[in-house]
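The form predicted alone is given below as one chain in structure tokens.
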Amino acid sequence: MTRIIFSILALGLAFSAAAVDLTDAQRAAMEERIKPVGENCMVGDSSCGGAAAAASSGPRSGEEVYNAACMACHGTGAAGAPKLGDAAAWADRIAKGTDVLHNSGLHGVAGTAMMAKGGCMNCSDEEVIAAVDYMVAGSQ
């Protein structure tokens, strides 16, 4: 019985040792699979990061902002959001005027799921207004 246990342990040890003998290609593939997705850098820390992302050449268009931030709700009607292109759903809102619509886009609508800037905190006021104008133009 002791001999069988010893044989099993020796066999297990042999298999463990074989698992350590990886080729360079296998090791590289494993490192690629488990590498971090990204990194966090503190302001002023020049030891991480890499090249800074190119700065935007100007404000995004209303369509670009819609596609990046607004479409999730206004493309599906999620949480009661009026869908882009649904003239009936937009009619009463449009009738209130563009100032009211711009204010709703910028500051949200109390009692609804519409939050300030539609949750796009990296959108400028100008970009949010352009997105609102884009949705209105496509929903009349």
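Being a predicted model, the structure only gives us computed values, none of them experimental. Note that residue numbering follows the sequence shown and begins at 1.
Just so it is clear, the following notes concern the form predicted together with a small molecule, a form of the same protein that is not shown.
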| property | result |
| --- | --- |
| Distance check, A113 to the small molecule in the model of the complex, heavy atom within 4.5 Å | yes |
| 4.5 Å heavy atom contact, G80 and the small molecule in the model of the complex | yes |
| In the model of the complex, A91 touching the small molecule (heavy atom, 4.5 Å) | no |
| Non-hydrogen atom contact A69 with the small molecule in the model of the complex at 4.5 angstroms | yes |
